[in-house]
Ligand SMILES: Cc1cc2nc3c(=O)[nH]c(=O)nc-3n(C[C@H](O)[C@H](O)[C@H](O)COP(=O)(O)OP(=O)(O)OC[C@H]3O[C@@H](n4cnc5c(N)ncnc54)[C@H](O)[C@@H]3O)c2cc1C
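Let's start with one chain on its own, the form predicted alone, as structure tokens.
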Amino acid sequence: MRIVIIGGSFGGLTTAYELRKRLGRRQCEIILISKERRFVFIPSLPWVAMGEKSLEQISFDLEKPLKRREIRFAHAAVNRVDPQARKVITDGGDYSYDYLVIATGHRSANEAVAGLGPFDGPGHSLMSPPEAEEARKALAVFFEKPGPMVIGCAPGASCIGPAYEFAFEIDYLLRKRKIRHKVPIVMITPEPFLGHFGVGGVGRARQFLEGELEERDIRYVTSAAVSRITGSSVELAGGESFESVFSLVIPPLAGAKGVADSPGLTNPKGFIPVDEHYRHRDFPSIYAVGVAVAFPPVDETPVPVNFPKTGHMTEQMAAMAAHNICADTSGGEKLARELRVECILDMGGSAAHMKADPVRPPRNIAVMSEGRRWLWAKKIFERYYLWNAARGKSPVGGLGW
């Protein structure tokens, strides 16, 4: 039997490791295809933008740990998937499969907002390693000539947390440099209220974030639809405009191109429709996990806010998909558990811990707390995760992020 996995981030790596735990080499050949050679701990990209971390510190080469686990690594970009022929077509050759797991992550739909670069416009983002590095270089220039700043998310965004992290972190850094008084900051979000996060809010997150932003003198605008970014301003769909010489806006997400270009495989946005077992609704030999999965929003909002998929949630999906593939092949009961979420939000000198179980309301648990201990926990967890993953170990069930 051959199982092909597309994607070398949280979803793909966790699925590969979990499958190998359950299936020996004689039972199954596992091939992981990734267009990137290195795994990057994406939650740490705000630290890269701030200059606190380098990409080398939060990444490792994929081939060595995969080889240790007897998993074949294919460095290639996927052009399309042919589910009828059970074949993945890449720029490095074709790969047939008995089972396919799609864990491709996303494509940043920066084109949704005019001027949202960073490489073809003045706006900055944090959704990929090159963008985080570009933001770091732009901030170095900004510090020499500070001015107004706008931070936020575009309509339809689902990854809201990094915008909050960046706002708190930049406020902290500007105060350390004693230039905060030179930088008016505006936070713009499509959320109907602060702390909605695409999940309808978590505990007292709304009140907490309102208080924290007000205490830091960061103005915020909710139910806002960013429509255009220029070198000197950020404009909203309603006509309101905010002066800004440095603008960071998180874009909405779309499905990865090679998968989205495969007829019959995805919804119109390029995401994979799955059942409660993370199995494709039309092709039983295909599973999907992580950002590649199509989830409906939690609620309807005046400005669209999409359902988030964190690394912690992706790992849960990957573990269930691996279990269910083994149940398909060897028998046994399939898993279909509600997702939970546990995150730590860096706030500069401290951090906030949020936990919701299940992630969709109504919930059994919805709590939030703040303190410096959570900042240390976030930093320690990053090291713990990278240490394990780089040695072929899957830290499923960890603290979350």
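All of these numbers come straight from a predicted model, not from anything done at the bench. Numbers follow the displayed sequence, beginning with 1.
We do not show the form predicted together with the ligand, though everything after this point is about it.
The stretch among 135-143, 273-281, 100-108, 207-215 whose residues place heavy atoms within 4.5 Å of the ligand in the model of the complex is 100-108. Proximity to the ligand in the model of the complex, defined as a heavy atom within 4.5 Å, holds among V291, V234, A157, A322 only for V291. Contact with the ligand in the model of the complex, defined as a heavy atom within 4.5 Å, holds for exactly one of I185, A254, A76, V298, namely A76. Judged against the ligand in the model of the complex with a 4.5 angstroms heavy atom cut-off, the residues S34, I42 and M127 are in contact without exception. The closest heavy atom approach of R86 to the ligand in the model of the complex falls outside 4.5 Å. In the model of the complex, at least one heavy atom of K378 sits within 4.5 Å of a heavy atom of the ligand.
With a 4.5 Å cutoff on heavy atoms, K309 counts as touching the ligand in the model of the complex. Taking non-hydrogen atoms only, I344 approaches the ligand to within 4.5 angstroms in the model of the complex. Along 1-32, these residues reach a heavy atom to within 4.5 Å of the ligand in the model of the complex: I6, G7, G8, S9, F10, G11, G12.
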